[in-house]
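In the block that follows, a single chain appears as structure tokens, in the form predicted on its own.
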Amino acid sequence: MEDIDRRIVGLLSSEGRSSFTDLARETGLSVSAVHQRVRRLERRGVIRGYTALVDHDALGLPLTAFISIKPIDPAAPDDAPERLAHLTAIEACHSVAGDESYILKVRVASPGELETLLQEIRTAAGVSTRTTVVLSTPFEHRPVAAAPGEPPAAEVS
């Protein structure tokens, strides 16, 4: 990927609502050149979509936890993601190396809801769980760096 495309991706990951004019100003390209590059990045799947970042506290979901799961029966099919897809409190599911098979990021309203969710996860997927509750999040959703080892696009002067 060209450096200028990395720069565009970094800028959009920092502010997804940037206009083509803003991107052109930041990159030194023409508006039409930026438009073409963004569309090409979208077609190639580098940019997969645009989303709103939400305040989970304001939505009544102040408790974030990471739940590591592993099958109770190691010979059972590895289908936990499919078995858990219906649980909307699960924000992300990551396949991992190590003792566990997956780590789930969940958001719920209370410790009681977390306890209920843990039981639903265990029952639906036939897994054991290990839970880590998040106390605070110093940073999250960091923009993509323009190039490996460089600061994110929003921090480049």
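In this text, all values refer to a predicted model and were calculated from it rather than measured experimentally. Counting begins at 1, following the sequence as shown.
From this point on, the text means the form predicted together with another copy of the chain, which you will not see here.
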(message) Considering non-hydrogen atoms and a 4.5 Å limit, does another copy of the chain approach I72 in the model of the complex?
(response) no
(message) Is R43 part of the interface with another copy of the chain in the model of the complex - any heavy atom within 4.5 Å?
(response) no
(request) Report yes if any heavy atom of A24 sits within 4.5 Å of a heavy atom of another copy of the chain in the model of the complex; otherwise report no. (result) no
(message) My question is simply whether H94 lines the interface with another copy of the chain in the model of the complex - judged by any non-hydrogen atom within 4.5 Å.
(response) yes
(message) Quick check on this chain: which one of L117, I47, L29, V127 has a heavy atom within 4.5 Å of another copy of the chain in the model of the complex?
(response) I47
(message) For a quick check, can you give me the residues of 36 to 59 that have a heavy atom within 4.5 Å of another copy of the chain in the model of the complex?
(response) G45, V46, I47, R48, G49, Y50, T51, A52, L53, V54, D55, H56, A58, L59
